[in-house]
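What follows is a single chain, given as structure tokens, in the form predicted on its own.
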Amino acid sequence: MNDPVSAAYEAFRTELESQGLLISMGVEGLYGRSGTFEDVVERLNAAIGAVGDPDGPEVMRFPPGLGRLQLEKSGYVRNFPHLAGTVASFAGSNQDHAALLARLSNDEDWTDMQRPTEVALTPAACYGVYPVIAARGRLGAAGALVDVYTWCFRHEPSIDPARMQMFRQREHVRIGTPEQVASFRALWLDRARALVESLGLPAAIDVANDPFFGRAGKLLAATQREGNLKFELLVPIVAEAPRTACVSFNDHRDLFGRAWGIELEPGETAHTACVGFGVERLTLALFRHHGFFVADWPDSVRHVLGF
């Protein structure tokens, strides 16, 4: 492998698998996790909760799927068709089943015999929140604050172990006035940096943009950056590679408010923002910077994680 960055990703993945922390599932970006890895994930998740719990957010936990029409209504398919995933299933007759079995016996492709269901795979934890809030009617003056934790899917297979196709996000979502949203994001920019630094990880925050698709996507990305609508907290996980986004801070303005008809008390469209923690990425950063044996991690880091 001539590319030094790709070689570094491959080497780190090999280390993680040889230590038993990640388990190969035969598809790029799809992994099982060991008990040790999951223990760190859950402790990290608890540490994130300890920061946000005093705010008294409403807690929501969703499965890794949402309604396909909800995904469409959110605008995700329009902006990120290359990342979206849907669930398909066999719905044929006995004759179709016989044809399916014949294909399997001959090692032929059978996937075109499946049809889309009403289920899509969740691309970001916050996507389940907006239709729930919208269904409640107009928000009071305090708006809404939600703590959500969900498995997510994005179709971007990669040898980089930090770029998983299926991963978890812990998010706090703020819905309210532009002022409430701005205050929320500013608060979490400070909180997230403090938390990540308390874990002994080098962190930097920089303006960013989402990977919008197509020609129009370039304009959307430029607008997002120019408006400082997205920041990312970056941590170096593989030294030879660019720093990895481990926390994102997103100001959606009234995008989801308009999509779902979320209104504030006076009748104005609500603004939304979210802060999302990539718990697997932060866990990988901990193993990279502190070693593969948790017992050897610095006492200060172990304390934050409750060891």
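All residue numbers refer to positions in the sequence shown, first residue = 1. Just so you know, these numbers come straight off a predicted model, no measurement behind them.
Keep in mind the form predicted in complex with another copy of the chain is missing from the figure; the text below concerns it.
Engineer: Just to confirm, with a 4.5 Å cut-off on non-hydrogen atoms, which of P178, G92, P211, G200 contacts another copy of the chain in the model of the complex?
Structural biologist: The option sitting close enough to the partner is G92.
Engineer: Using a 4.5 Å heavy atom cut-off, which residue among V196, A124, A144, M166 comes into contact with another copy of the chain in the model of the complex?
Structural biologist: Looking at the other structure, the residue within range turns out to be M166.
Engineer: Should the three residues P64, A84 and P116 be counted as contacting another copy of the chain in the model of the complex, with contact defined as a heavy atom within 4.5 Å for each?
Structural biologist: Yes: each residue has a heavy atom within 4.5 Å of the partner.
Engineer: Taking another copy of the chain as it sits in the model of the complex, is L30 near enough to touch it, meaning that at least one heavy atom pair lies within 4.5 angstroms?
Structural biologist: Yes.
Engineer: Within a 4.5 Å heavy atom cut-off, is T14 in contact with another copy of the chain in the model of the complex?
Structural biologist: It does not: once another copy of the chain is placed as it appears in the model of the complex, T14 has no heavy atom within 4.5 Å of it.
Engineer: Looking in the model of the complex, any heavy atom of L104 within 4.5 Å of another copy of the chain?
Structural biologist: Contact check for L104: yes, within 4.5 Å of another copy of the chain in the model of the complex.
Engineer: Does the 4.5 Å heavy atom contact test between A239 and another copy of the chain in the model of the complex come out positive?
Structural biologist: A239: no, not in contact with another copy of the chain in the model of the complex.
Engineer: So which stretch, 154-162, 229-237, 203-211, 181-189, is the one near another copy of the chain in the model of the complex (non-hydrogen atoms, 4.5 Å)?
Structural biologist: Heavy atoms within 4.5 Å of another copy of the chain in the model of the complex occur in 154-162.
Engineer: Which of the residues spanning 19-42 lie within 4.5 Å of another copy of the chain in the model of the complex, based on heavy atoms?
Structural biologist: In sequence order, I23, S24, M25, G26, V27, L30, Y31, G32, R33, S34, G35, E38 come within 4.5 Å of the partner.
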